[in-house]
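In C-alpha cells, one chain follows: the form predicted on its own.
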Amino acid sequence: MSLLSRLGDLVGDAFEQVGADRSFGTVEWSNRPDLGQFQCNGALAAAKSLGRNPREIAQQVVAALPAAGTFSEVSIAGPGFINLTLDDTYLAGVVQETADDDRLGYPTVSQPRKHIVDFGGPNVAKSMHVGHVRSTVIGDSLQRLLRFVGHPTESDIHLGDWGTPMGMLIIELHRRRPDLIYFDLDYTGPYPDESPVTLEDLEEMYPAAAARVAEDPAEAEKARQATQELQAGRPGYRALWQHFVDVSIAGLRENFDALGVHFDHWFGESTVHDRIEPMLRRIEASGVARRSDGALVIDVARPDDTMDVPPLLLVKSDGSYLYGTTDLATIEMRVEDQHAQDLLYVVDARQSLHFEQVFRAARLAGIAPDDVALEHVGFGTVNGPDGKPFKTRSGGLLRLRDLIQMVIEAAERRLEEAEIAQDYPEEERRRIARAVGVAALKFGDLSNHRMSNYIFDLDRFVSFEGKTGPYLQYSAVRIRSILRNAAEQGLHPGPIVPPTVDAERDLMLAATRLPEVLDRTVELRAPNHVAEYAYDVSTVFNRFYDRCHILREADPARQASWLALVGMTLDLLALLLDLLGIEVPERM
C-alpha cells in the first residue's frame, strides 16, 4: 500500500469517527510544505454534507488521529485545512519497506486488462521522418508502463501496406522495368527470392509515382486498377508487394533498433484483408451501413454532436476500401482473436476525427462491445525554432535516421566538451554517445505533455545540465559510482534509520511517490509525469549528496543507512528511465 493510501486510511478512520464519510479523509502532498508534508482538505466538503462548521470538524478529526507513532505534527489552517508532518521513525520504516520491495512499493494492478498499443505505424516504401518520433517514443513508454503496472500488453506497429500507394509503386516499377516477370500474366512462378528494388529505390519511386498520379487521371486509374488486382490476389503483384514490405521492414527495424523500440507484432492493413468482405456483408445486412451513390457508409453522427461528424466511408463507389475499413477489421481481429480489452492508438492528434468515426462505427456495428475501451492517444507536433513543424533547411521533412545520427553526433561533441569518457576505449565511447543521444531525443520529447507541441532544441536536449535525458543518465551513473567506491572501501548498505536533516528527509519522501506518479501516468497516458518525477528524484538526490558526505560519515549506522538510500535511489531512477525507454550506461 502506498504512503498516501496509508495516510488516507488513518485520516479516513478519523472522519468516520466524527460521523462523516471516510472518503473525506483523502490525503495529498502538501502545496504548502512550510505548513506540513501532507494535507487533507476534506473537512470543507464534509461540512457541506453535514451542515456543520468545517474548522470544528477538522479539530475533531485531528483529535481522533493516532496520538503517537505516525505524525510528529498536525495543524489546522484557515477554515479547516489539515496539515500533516510524519514522524521520522515512521517515515524511515516506510522507506525501508520500499527499499526491500523489488517493485519499490508499487503493487501490480488488482484487475489487469489486456491492452494492445497501436503505434499508427509508417507506410511501406516511405522514409520514416521526424514526425514519427512522437508515436514511437510515446507508444514505447506506454507499453513499458502498462506492462510494469501489471496489464498484459501487446504492441503492434500497424504498417500502412495495403492501399493505393502499393498500386502506385507497382505501376511505377512497371514503367521503369516492364520486362520483370512479375508483370507477365502467363508466368506462374516461382518468383525470385531477391527483391528487384532496394529501400532507396522505393523511397525514390514513391514520390515520383505520387506526382504522376496527382497530375494524370490516366495514371491514377492505373494505380487504382493495380491496387484492386493486388488485393484480388494477382500472383505477380502479390510477390512484388511482399518484396516491397520486406525491404521496408528491414529499413524500419534499423530505425527502431537504434531507438531501442520493439514490437510484439508487425501487422499491417494487409493482415485483415480476408476479414473485410465478410465483415462488410454482416454490417450491411444488419442495417447499420447503407448505400450512398454506390458507396457503403455508416452514419455515425449523433444528435448532441457539437461538431460535424461525417459518415464513415467503408467502400468507395469503385469498390475500393479505405483506412477506416481496415481499421474496423483490425478492431474486430483484436477483439475476437487477440482478446483485447483496451485498444490504444498512439497517433497524431490531427487524426482525432478519423478515430471518432471509426470508434463510433465499431460500437454501432457490434464490432467493439461496450466493455472494450477504444482510445485515441493523440499528440502534438515537433516544431522547429520558427514554431512550425520541424523541417530540413531545404523545406523537406527530416528523415528519422538522419535525426538519430544528428543527436548522436551532438552527444559526441558534448561528451568531448565535458571531457567525459575521454580515456575509455573507442567502442565504449561510441556506445555512450549513442545512449546519450537517444536519451536526449526521447527525454526532449517525453518531458512535454503529449498533447503539447514542442520546439526541437538540440543544444538544450544534449546538455548535461538542467531537465534533460543526459543529466538524468549522468545522475544515475554518479550514484552507481558512489556505491562502487563504497564497496571498494568495504562499506555496505544497512537498515534505514530516521532522518536528521532536511536533505535526507526530502529524499526519503521523494522515494515514496512512485505509486501515485505511475497511476496518474497510466490514467492520463502521459509519460511526462514519469519524466518530471525522474528529474525531481535526481535533483533531490543531488542536494542530499551535497549535504550528506556519505563516504566520510563517522557514524557507521547512519553511513550504512545513507548507502541504503543511495541504492534505493539508483533502483528508482533506473526504473523511471527504463519506463521512458532510456538506457543508463555502466559508466560515463
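Residue indices: 1-based, along the sequence shown. This is a predicted model, so every value here is computed, not measured.
Beyond the structure shown, there is the form predicted together with arginine (ARG), which is absent from this document and is the topic of what follows.
- Contact annotation: P499 falls outside 4.5 Å of arginine (ARG) in the predicted bound form, judged by heavy atom distances.
- Although the partner is absent from this view, L202 stays clear of arginine (ARG) in the predicted bound form, with no non-hydrogen atom inside 4.5 angstroms.
- In the predicted bound form, at least one heavy atom of V347 sits within 4.5 Å of arginine (ARG).
- In the predicted bound form, at least one heavy atom of F355 sits within 4.5 Å of arginine (ARG).
- Only one of 70-78, 440-448, 96-104, 119-127 lies within 4.5 Å of arginine (ARG) in the predicted bound form by heavy atoms, and it is 119-127.
- Residue-level contacts in the predicted bound form: of Q351, Q341, T381, S320, one residue has a heavy atom within 4.5 Å of arginine (ARG), and it is Q351.
- When arginine (ARG) is considered in the predicted bound form, only one residue from R414, R134, K222, H158 comes within 4.5 Å through any heavy atom, namely H158.
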